[in-house]
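Okay, here we've got a single chain as structure tokens, the form predicted on its own, with questions on binding and movement later.
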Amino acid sequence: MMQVTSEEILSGKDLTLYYRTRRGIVKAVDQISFKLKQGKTLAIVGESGSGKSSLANAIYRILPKNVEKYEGEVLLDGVDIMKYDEEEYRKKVRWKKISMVFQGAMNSLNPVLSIGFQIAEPLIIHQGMQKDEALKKAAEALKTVGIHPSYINRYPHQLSGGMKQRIVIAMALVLTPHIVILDEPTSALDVITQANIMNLLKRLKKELKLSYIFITHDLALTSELADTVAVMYAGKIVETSSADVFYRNPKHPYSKGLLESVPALKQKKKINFIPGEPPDLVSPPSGCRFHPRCPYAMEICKKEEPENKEIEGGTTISCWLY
């Protein structure tokens, strides 16, 4: 069993999630291990199709019907919640200890229900609260995310994109969970609204002592919130390091490629790109899954999968160069 330190609130070991499809088995999350510390943000970054959202779904246990394999350890305060059945997980964990802000706020809101009722609903269902009392709590939740309580009777179509996102964040926080999973929370928003939402998330993290798992493909955005960065590629985590170390000196060739593709406003910088595209997770490459796109690929990279190793600065990396 993975050893949990006093600071760790959530950790995973060999977490695996495969899907059945007509084309074959999709290895979306393949033996992933991670650690999240109390009051910190673990950012999971990578290209679209790398398995980031599937990892969030595996942790939060939102699983489709075509699951082929779902196993591993997820320790919450030292307890393996993978051993809970669905009913026990729903009562003890979902919304209460771990909540989730989903990608695309409009898809998370019911268009025919008032936003006040949608925020209050978890209180009614999970805590047995009366509707009037729950709506009062919902009004307080609106104030927490910077929306006037008078908006409680409005409907999603009456709100801007940024306000919808704040509503979804309020819904995630209404039962005061310890951990919030943020799955691309700003992907559908303009730059100014993105900045406002990021400032809100930073304020809530500090005031409520929240721990975040922040899933995104936007490395510039990640730098605003992350304490630790985990780089995901083709269903695997290939590098994990502190944000300070990662942004100064990424180690894995894929991490370097991602950062080199981000433009810099205040310095002259040559923009590079990673050739090719992420592999098909039905039939991923043998050995290191990045080797077909890696400029440093060696013969061993094609044949054997590298193990995770801890190197200088506390970075954990999966690469034969190290």
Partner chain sequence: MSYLVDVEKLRTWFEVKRGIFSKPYYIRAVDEVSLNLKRGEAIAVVGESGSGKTSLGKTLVRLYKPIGGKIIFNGKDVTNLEGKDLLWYRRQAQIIYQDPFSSLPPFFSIFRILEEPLLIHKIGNERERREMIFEALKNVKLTPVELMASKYPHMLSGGQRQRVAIARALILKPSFIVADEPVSMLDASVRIEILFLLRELQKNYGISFIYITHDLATTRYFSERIAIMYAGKVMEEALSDEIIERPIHPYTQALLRAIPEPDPENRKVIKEIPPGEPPDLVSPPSGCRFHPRCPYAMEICKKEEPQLREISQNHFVACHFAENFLKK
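Only a predicted model underlies this, so the values are computations on that prediction, with no experimental measurement involved. Residue numbers count along the first chain shown, from 1.
FYI, the form predicted together with the partner chain isn't displayed, but the following is about it.
Participant: Check Q118 for me: does it contact the partner chain in the model of the complex (non-hydrogen atoms, 4.5 angstroms)?
Facilitator: Judged by the heavy-atom cut-off of 4.5 Å, Q118 is well away from the partner chain in the model of the complex.
Participant: Does the 4.5 Å heavy atom contact test between G162 and the partner chain in the model of the complex come out positive?
Facilitator: Residue-level check for G162: yes, a contact with the partner chain.
Participant: Would I124 count as touching the partner chain in the model of the complex under a 4.5 Å heavy atom rule?
Facilitator: So I124 does not count as contacting the partner chain.
Participant: Check I274 for me: does it contact the partner chain in the model of the complex (non-hydrogen atoms, 4.5 angstroms)?
Facilitator: Looking in the model of the complex, residue contacts with the partner chain include I274, since a heavy atom lies within 4.5 Å.
Participant: Quick one: of A243, L210, A170, L175, which gets a non-hydrogen atom within 4.5 angstroms of the partner chain in the model of the complex?
Facilitator: Of the listed residues, the single hit is A243.
Participant: Quick check on this chain: which one of E133, E71, D77, E224 has a heavy atom within 4.5 Å of the partner chain in the model of the complex?
Facilitator: It is E224.
Participant: Which one, 190-198, 79-87, 92-100, 134-142, holds residues whose non-hydrogen atoms are within 4.5 Å of the partner chain in the model of the complex?
Facilitator: Flagged stretch: 190-198.
Participant: Flag this candidate site as yes only if M129, R154 and H157 all have a heavy atom within 4.5 Å of the partner chain in the model of the complex; otherwise mark no.
Facilitator: Per the other structure, none of M129, R154 and H157 touch the partner chain.
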